[in-house]
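One chain is shown next in structure tokens, namely the form predicted alone.
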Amino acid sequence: MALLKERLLDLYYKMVLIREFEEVMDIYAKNGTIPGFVHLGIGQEASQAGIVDALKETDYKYPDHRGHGVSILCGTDRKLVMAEIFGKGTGINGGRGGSMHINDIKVRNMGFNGIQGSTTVTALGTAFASVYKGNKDVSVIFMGDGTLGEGACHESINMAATWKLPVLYCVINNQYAISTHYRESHPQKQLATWADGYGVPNEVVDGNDVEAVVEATERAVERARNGDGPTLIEYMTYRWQGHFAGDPAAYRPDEELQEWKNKCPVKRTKARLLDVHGFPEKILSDIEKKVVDEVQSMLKFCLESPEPDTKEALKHVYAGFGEEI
């Protein structure tokens, strides 16, 4: 079932926003302005925008370490997300989290951390809370193909299946875990079948087709809300960049990268809006210009924002300590 054209147009805006946001982050990561590692999801925009679009704000979102797109679509003030990546005091977490540790509990962006697979365990708590409170909120975990190699994933999906918890496992299969292709690490041709052993429904989706992403995600979310337990969806996509900004990704064949660039999710959505829904080119170009202006406004805010105050360095580290130093 195709999406309504107005919804698809909104998704196009969100995908273009993620692309522009991350391309600017790439520039400032490579020139040394942004501290620490920055992991980009350029090429994966449909999987990010489509999944979030299928959720409620009260659903618990657990981004992975390519979570910028999820973080700017959750309802948080986007300039505060960018400021956090820049490590500025105006960041949503005061500059403490940086690129990989953005969270905003108010909109149930539960954040990520450096331990792969850990969010599959943490999400059991929020999923159980949803059952206990009877509020039907779903816990949605974004995870890469490499994360499935972690034992914690097996343990948590077993518990989620046994207790029929409202969890959605979103495996964003971008082909590579750092520099290792997923078929060199897993015997399964499709990783979704990994869930069969736990009696968990699963499917494989074209992760560059935003309509397919939304439709599959909505089915799984509805199942979880109805008390039927977890689902695992494998979204087939590709990251255009290396593992981190600045990684030359010499481990990938050039022709493979070009093949996936030809499947660009942003271009595919634009073509559908033009060719199927008949939107004038100007409407789409206006959206693209609006996005550029929006991201540049965020960037100006970040570059003019102060560094974190050293007097607050220990705040939030220990309970009841660090408020006054």
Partner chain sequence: MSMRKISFGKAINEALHQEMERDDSVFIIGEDVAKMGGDFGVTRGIWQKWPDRAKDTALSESAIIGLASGAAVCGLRPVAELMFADFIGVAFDQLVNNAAKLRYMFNGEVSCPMVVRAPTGSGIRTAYHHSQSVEPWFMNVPGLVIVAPSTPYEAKGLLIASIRNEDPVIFLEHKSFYSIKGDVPEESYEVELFKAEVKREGRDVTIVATMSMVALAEKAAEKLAEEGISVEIIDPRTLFPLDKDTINRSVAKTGRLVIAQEGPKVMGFGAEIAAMVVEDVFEYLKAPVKRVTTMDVPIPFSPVLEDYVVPTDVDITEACKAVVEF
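Numbering follows the first chain given and starts at 1. Quick caveat, the model's predicted, so the values are computed rather than measured.
Here the subject shifts to the form predicted in complex with its partner chain, a form of this protein not shown in this document.
The single contact residue among 78, 96, 223, 108, judged by any heavy atom lying within 4.5 Å of its partner chain in the predicted complex, is 96. None of 162, 135, 185, 193 but one reaches within 4.5 angstroms of its partner chain in the predicted complex through a heavy atom, and that residue is 185. Although the partner is absent here, residue 241 sits far enough away that none of its heavy atoms falls within 4.5 Å of its partner chain in the predicted complex. In the predicted complex, residue 177 approaches its partner chain with a heavy atom inside 4.5 Å. The closest non-hydrogen atom of residue 114 lies within 4.5 Å of its partner chain in the predicted complex. Taking the partner from the other structure, its partner chain in the predicted complex has no heavy atom within 4.5 Å of any heavy atom of residue 209. Residues of just one listed stretch (263-271, 34-42, 292-300, 277-285) have heavy atoms within 4.5 Å of its partner chain in the predicted complex: 34-42.
In sequence order, 307, 308, 309, 310, 311, 312, 313, 314 are the residues of 292-315 having a heavy atom within 4.5 Å of its partner chain in the predicted complex; the partner itself is omitted from this view.
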